[in-house]
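Take a look at this one chain, the form predicted alone, written out in structure tokens.
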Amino acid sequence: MDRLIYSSLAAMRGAMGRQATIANNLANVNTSGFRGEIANAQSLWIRGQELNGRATVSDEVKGADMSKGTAAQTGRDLDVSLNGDAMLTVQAADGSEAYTRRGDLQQTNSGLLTTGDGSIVMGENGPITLPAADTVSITADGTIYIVPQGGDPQAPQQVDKLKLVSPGGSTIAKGLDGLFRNTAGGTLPSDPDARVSSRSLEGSNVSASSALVDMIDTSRAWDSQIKMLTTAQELDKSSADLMQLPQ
């Protein structure tokens, strides 16, 4: 009886982890460049004094689905979609260098260039700050040109160049902040062959319909374990009734 209850408890813990991952994916189904998270279960043995008697389940995010999302034209000057496996370099909240596929670039009041979630966009020489300009354009290799206020539209000026990297040959992992980092530490070098498409955005690669099916499946798994616990309770009560002395 004890083993049955313990197994159901471990399965319910795993279902909770999967449900949290699916909910996060669904919440970001409309987030530009979002990569769906993948949760996997693994056994965690409980160490005893002599024998490893039991194993519980740990269901946590192990990686991300790196398949491409659909790119769509927006006509906005600061929108870029990353081609191939290219990634945009940003500065994470802790000051470290990280990478993202999010290309809905924004300009703060001070001119600092950020992604839609507030991460500072890095150029070849550090954070990018754009001066006041009439127009901004981004070429396929990530070079940023502006036409200064009142300037000649036929003579745009280069301001900086997006630091574009490729994870090929390196292993990257997604952090809790949604940004990717090099698991070996350090930073990825600029990739001169990386390209972007301006005035377009790549959508999330999460399929809402598939995520909903997964959520229903996980809910059913949870209900099955609840029934197992109820059955265990009934069996325990029946056993206790058998042990009662007749009155």
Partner chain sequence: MTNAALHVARTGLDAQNSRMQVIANNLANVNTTGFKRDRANFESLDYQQITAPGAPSSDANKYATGLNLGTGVKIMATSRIDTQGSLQTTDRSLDLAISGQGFFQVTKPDGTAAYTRDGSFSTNADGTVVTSDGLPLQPQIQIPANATNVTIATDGTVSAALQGQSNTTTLGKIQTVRFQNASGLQAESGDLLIETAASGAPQVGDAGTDGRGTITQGSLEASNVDITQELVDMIETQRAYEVNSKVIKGTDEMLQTANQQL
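Rigid core: the largest C-alpha set superposing within 1.5 Å between the two forms. Model, not experiment: these values are computed from the prediction. Numbering follows the first chain given and starts at 1.
This protein has a second form, the form predicted together with the partner chain, left out of what is shown; the following refers to that one.
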Problem set entry | Single option in Asp85, Asp177, Glu97, Glu124 placed near the partner chain in the model of the complex, where near means a heavy atom within 4.5 Å | Asp177
Exercise. The partner chain isn't shown here, but in the model of the complex which of Gln91, Ser170, Thr139, Gln107 has a heavy atom within 4.5 Å of it?
Worked result: Gln107
Exercise. Is it true that Ser7, Ala184 and Gly186 each have at least one non-hydrogen atom within 4.5 Å of the partner chain in the model of the complex?
Worked result: no
For this session: Report whether the minimum heavy atom distance between Asp134 and the partner chain in the model of the complex is within 4.5 Å.
Result: yes
For this session: Mark Glu202 yes when one of its heavy atoms lies within 4.5 Å of a heavy atom of the partner chain in the model of the complex, and no otherwise.
Result: no
Exercise. So in the model of the complex, does any heavy atom of Leu130 sit within 4.5 Å of the partner chain?
Worked result: yes
Exercise. Can Ala232 be called a contact residue for the partner chain in the model of the complex at 4.5 Å between heavy atoms?
Worked result: no
Problem set entry | Residues of stretch 75-92 in contact with the partner chain in the model of the complex (4.5 Å, non-hydrogen atom) | Gly75, Arg76, Asp79
Exercise. If we fit on the core, is the Cα of Ala184 displaced 2 Å or more between the shown form and the other one?
Worked result: no
Exercise. Taking the rigid core as reference, does the Cα of Ser219 move 2 Å or more between the shown form and the other one?
Worked result: yes
